[in-house]
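Just one chain is shown here, as structure tokens, and it is the form predicted alone.
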Amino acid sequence: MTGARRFGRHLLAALGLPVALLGLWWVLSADSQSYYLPPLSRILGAFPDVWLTSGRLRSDVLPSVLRLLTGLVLAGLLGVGLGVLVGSSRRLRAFCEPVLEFLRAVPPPVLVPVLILFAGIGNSMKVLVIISGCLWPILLNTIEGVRAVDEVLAETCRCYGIRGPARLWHLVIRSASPQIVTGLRQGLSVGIILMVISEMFAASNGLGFTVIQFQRSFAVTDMWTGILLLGLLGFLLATALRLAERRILGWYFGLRRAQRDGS
């Protein structure tokens, strides 16, 4: 299969269902007289005025995206670092597992009031809330990835005297990288939710703040445009992460393709 055909199939698979659902929403809401469920045509018509020409892209969307990316990057660094450390030691893993399971079970939104006490209501609190939710999928996936390092490859490294940073980078990180990227994808979804929640609690800008302001002022159509924008933002960030995954893990997808073709 050529690259163009493969790209076309991936594009159709990615956009087919969202376009079909939007078409269904358009048809079902076309004659809606409900104040709370306006027609999709009215929502899409208001979208440019609400977000593109009003300056909200810079005043609200950009701060939200920066908070989300900052939290995700810091959670990634922390999760991968701790995951490699815990996953490399069976005793440390057994010692930490009950604590990790306990902390993972605590819903991050309930930490918002606590974090406000310690970090105030500025950007620090919002980034900490995002980190508190993104950390766990990245950490737990990294631990599993490190734990599942191929014993044959580990023994080969030992025989060739590959130790220290070289072993960490070429064996441990590369073997665990598919799991790490899976954790990042899960963390991104959690991060978007927590970004909105943290901005709803105490903020003067951001997507969550703006959507809740629209709701409180009964600007229902504008509120729906914000919800659509959040979905679009999540889709674009997930697509960017997927493309980066294809680029970084090209060896992994090539290996899986070769295994499928050989079986």
Partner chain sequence: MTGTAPAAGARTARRLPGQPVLLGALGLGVFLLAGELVPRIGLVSPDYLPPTSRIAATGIDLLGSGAFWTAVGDTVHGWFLGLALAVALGTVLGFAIGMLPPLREATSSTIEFLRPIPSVALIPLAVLLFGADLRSVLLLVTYAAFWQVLIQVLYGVRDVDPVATDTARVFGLGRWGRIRYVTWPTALPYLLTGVRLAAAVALILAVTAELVIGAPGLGNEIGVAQTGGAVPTVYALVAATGLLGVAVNGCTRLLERRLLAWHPSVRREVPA
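Just so we're on the same page, rigid core means the largest C-alpha set that superposes within 1.5 Å between forms. Model, not experiment: these values are computed from the prediction. Positions refer to the first chain, counted from 1.
One more form of this protein, predicted together with the partner chain, exists but is not displayed; see below.
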Item to complete: Could you work out which of Leu69, Ala46, Ala238, Val61 is the residue within 4.5 angstroms of the partner chain in the predicted bound form, going by heavy atoms?
Response: Ala238
Practice prompt. Let me know the one among Ala244, Leu255, Leu17, Leu24 whose heavy atoms come within 4.5 Å of the partner chain in the predicted bound form, would you?
Written response: Leu17
Discussion item. Within 4.5 angstroms, counting heavy atoms, which one of the listed stretches 189-197, 77-85, 163-171, 122-130 is next to the partner chain in the predicted bound form?
Written reply: 189-197
Discussion item. So, Leu57 and the partner chain: in the predicted bound form, are they within 4.5 Å at any heavy atom pair?
Written reply: no
Worksheet item: Are any of the heavy atoms in Pro108 no more than 4.5 Å from a heavy atom of the partner chain in the predicted bound form?
Response: yes
Worksheet item: Can any non-hydrogen atom of Ile248 be found within 4.5 angstroms of the partner chain in the predicted bound form?
Response: no
Worksheet item: Given that the partner is absent here, does Val149 sit within 4.5 Å of the partner chain in the predicted bound form, heavy atoms only?
Response: no
Discussion item. Suppose contact means any heavy atom within 4.5 Å; which members of 93-131 contact the partner chain in the predicted bound form?
Written reply: Ala94, Phe95, Glu97, Pro98, Val99, Glu101, Phe102, Leu103, Arg104, Ala105, Val106, Pro107, Pro108, Pro109, Val110, Leu111, Pro113, Val114, Ile116, Leu117, Phe118
Worksheet entry | Exceeds or equals 2 Å, Cα of Trp25 between this form and the one not shown, core fit | yes
Worksheet entry | C-alpha of Leu255 moved at least 2 Å between this form and the one not shown on rigid core | no
Fill in: Did Ala13 shift 2 Å or more between this form and the one not shown, C-alpha, core superposed
yes
